[in-house]
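Quick setup: one chain, the form predicted alone, written in structure tokens, and binding and motion questions come after.
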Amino acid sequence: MDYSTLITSINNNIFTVVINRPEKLNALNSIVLSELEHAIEEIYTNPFIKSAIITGTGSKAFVAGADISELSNLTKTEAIKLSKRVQDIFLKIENSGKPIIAAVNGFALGGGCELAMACHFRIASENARFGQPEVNLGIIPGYGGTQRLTKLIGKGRAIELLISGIMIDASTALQYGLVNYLVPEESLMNKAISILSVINSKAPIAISQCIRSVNAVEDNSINGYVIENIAFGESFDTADRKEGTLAFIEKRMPKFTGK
């Protein structure tokens, strides 16, 4: 699919999605959100994609937030509808059985921070900045930010960031556990690709079941231990399990097929 606000590519089974609105610091408007939804669907359905990276064009911003010009005149009903729509898109990222990581290059503010947090984990360049500054506009995060920020960095720190609207730098984000790695700007994409290259060599079904089981920790409607128990059993009924154990016995690298 041809996109007007995204640049996408597939190399070595890694799908890269670059949000490309540099004149607006890659802010999320309705077009970006629609195209991002299509790109996520491609991750789900394209068998050549094993994992993905989401990043932004340039060195100033990952995504500097939502497009305020589109938010300024929303009614209560419209705001609730928009929030639900974007929450659903971000939940598709979070629940993808294929790993999706955020390569955060610059500002990840508001909706941009929420997008990064929806990914399975985050790598930040040294110039990255994170924050939920919505209180400065008299509103709150609506794309899952209050929930994911709390789960990632804890209640006290989350409330402080949410009600003060302050930004934190990349080293603080690393200290808080908001990001997994902090790297020089020029090494950001190489680090992301390096990690995913390792992940892509593992059994795809097992990867998906790991993500599913970890996500169950945060779902109060289900028992995570039950999910793990079922997924553990299901993994034994795969060709990849047979190949993995045989390769271990034969002292060779396994060749997983995702079956």
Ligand code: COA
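Throughout, we count residues from 1 along the sequence that is shown. Predicted, not measured: the structure shown is a model, and the values here were computed from it.
Keep in mind that the form predicted in complex with coenzyme A (COA) is not shown, yet the notes after this line are about it.
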- Check all three, 110, 134 and 167, heavy atom within 4.5 Å of coenzyme A (COA) in the model of the complex: yes
- Of 39-47, 222-230, 63-71, 200-208, the segment with heavy atoms within 4.5 Å of coenzyme A (COA) in the model of the complex is residues 63-71
- Given that the partner is absent here, does residue 32 sit within 4.5 Å of coenzyme A (COA) in the model of the complex, heavy atoms only? no
- Task: Consider residue 25 of the chain shown here, and say whether it contacts coenzyme A (COA) in the model of the complex, taking contact as heavy atoms within 4.5 Å.
- Result: yes
- Task: Could you run down 181-203 and flag each residue that has a heavy atom within 4.5 Å of coenzyme A (COA) in the model of the complex?
- Result: none
